[in-house]
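One chain follows as structure tokens, the form predicted on its own.
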Amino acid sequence: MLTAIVGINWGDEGKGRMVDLLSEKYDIICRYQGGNNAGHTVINEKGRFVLNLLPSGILRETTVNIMGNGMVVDIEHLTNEMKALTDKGISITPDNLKISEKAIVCLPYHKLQDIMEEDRLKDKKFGSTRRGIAPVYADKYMKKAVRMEDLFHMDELREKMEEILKWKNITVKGYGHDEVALDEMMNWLEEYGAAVRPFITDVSGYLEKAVESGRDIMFEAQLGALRDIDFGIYPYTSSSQTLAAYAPIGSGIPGAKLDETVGIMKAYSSCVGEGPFTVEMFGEEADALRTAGGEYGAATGRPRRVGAFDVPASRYGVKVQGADIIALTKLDVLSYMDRIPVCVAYEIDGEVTTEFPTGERLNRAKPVIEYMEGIGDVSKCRTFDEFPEAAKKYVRFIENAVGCRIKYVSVGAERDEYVVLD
């Protein structure tokens, strides 16, 4: 079974929580894109964990975890993340963590470039996490990047870095910053390269054998459909493909076919970063929802923008992700509301549409809001039959509105706090 777990909206839908829950049935968990620009928060019997780079399956002793070729890896951040987990008793060895030799290294000058560009843009910034993701992906496609496999050939890497820095320093100096020093970069690569080198391997070969032998593989995405570089709210997107269709490519087995795609979406909307967010709430209404849902970025700590469930955006996300089933998260958060707002359509230039627009039309969209009865307390429910009638109605409404079957409903952060729908 090859399954992708992907976000339907703007990210932060609760993918890490669902990967942790469902990974019990899988042998291998693969991260296939992105870097440490987002975080997956997992709460289980071992504690609370925030994972930026490591696949969420690393918290299960029975899974092998893959960091695929589609990722960009800050090896300093990875080293620190691994240490934080091992300090809490999580075992991380070359047997349960394998990093693709084709994955790209995110270097300190990528972060520097990211920060300088965001500062230059000021109020026109894209809302970057300032962790170097856009610059490192740009370098990948300019063919001026460092791959993980280069860390095994430090003499040759020094020659390569010398040429790269002649080019990169043109940009760095253009921002008025001092040149990046070759020795500084090589010392960084030596120190953190030594820490991650034992985990670097031929991931494609490993996964090909796994597929041939019928092992179950889960592909874990970062962010959501609306942050995809091609199909998201460009230019307020990530710099990688966040869609399920990219999972086999970004993991290392481009010829493989997915058997199932599980889309994750919240029972309301949240968003970190800049860009159009049609359903956004403000003031006390937003503060109440943000507090109830603990809506602060796992990677950055930034307060998330929050709003009503967005039907047009979610239906679009389901379509581009090719979702077969949905996991609806954080339904319990809405328990404090007497009535629940839902965005059922957009008004754009005086016309009402249920389609999700792109470009300038999205910037002009206004939400068409309808209200549903408050769902009551669902936190203790473990079957759908136990849900209050209003909660059942809300779940079925969303299911019909987005055109995809809801199979899982999360009613809390712990592993056992969920409901499976027949």
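Residues carry their position along the shown sequence, with the first being 1. Note that the structure is a prediction, hence the values are computed from the model and not measured.
One more form of this protein should be noted, the form predicted in complex with a small molecule, which is absent from this view; the next part is about it.
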* Structure fact -> Here the chain appears without its partner; judged in the model of the complex, the stretch of 198-206, 68-76, 230-238, 328-336 with heavy atoms within 4.5 Å of the small molecule is 328-336
* Partner-contacting position among K168, R304, K98, K111 - heavy atom within 4.5 Å of the small molecule in the model of the complex -> R304
* Is V411 close to the small molecule in the model of the complex, meaning a heavy atom pair under 4.5 Å apart or at it? -> yes
* To do: May I ask you to state whether T41 is within 4.5 Å of the small molecule in the model of the complex, using heavy atom distances?
  => yes
